[in-house]
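Shown below, as structure tokens, is a lone chain in the form predicted on its own; questions about how it binds or moves come after it.
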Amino acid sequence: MAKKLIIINGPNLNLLGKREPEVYGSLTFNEFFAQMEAKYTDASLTHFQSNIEGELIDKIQEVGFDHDGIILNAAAYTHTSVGIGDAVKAITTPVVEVHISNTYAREEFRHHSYIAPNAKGVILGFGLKSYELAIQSFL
């Protein structure tokens, strides 16, 4: 049976392909996601994006008991949202925290994650490949 996986993206990730291409690349997330769907036919992949913290928490709670895995890029909320960290702690579905950039090579405030203590793992700094590595971790 196919693994049921969801990618949940936080603020500003809807701008992939336009936003700082030297950091985030030139592909839109939908273009990248289509590649992942074609490559990982043994997984049931979906994705969700919101710039709104509460919507991210709602989605984590909605899928957090019936999916095989959540790949979560909470973006800037990673470093500020106790609520998202608590949502990850409250669910039974394992979560892999993902970041496109190496957050440790960036500003000091990005070195702390409210998600990591309750995540199955953290993958960062490999560009969009970080998502693919997270998918592979569930298969």
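One rule holds for the numbers: they count along the sequence shown, beginning at 1. Quick caveat: nothing in here was measured; it's all calculated off a predicted structure.
The same protein also exists as the form predicted in complex with a small molecule; that form is not shown, yet it is the one meant from here on.
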| item | value |
| --- | --- |
| Contact residue in the predicted complex, chosen from Q61, S101, T28, N51 - any heavy atom within 4.5 Å of the small molecule | S101 |
| Proximity to the small molecule in the predicted complex, single hit among I91, A75, I84, L45 (heavy atom within 4.5 Å) | A75 |
| The small molecule in the predicted complex: contacted by all of P11, Y24 and R110, heavy atom 4.5 Å | yes |
| Interface membership of R19, the small molecule in the predicted complex, 4.5 Å heavy atom rule | yes |
| H79: touches the small molecule in the predicted complex, heavy atom cutoff 4.5 angstroms | yes |
| Non-hydrogen atom contact K39 with the small molecule in the predicted complex at 4.5 angstroms | no |
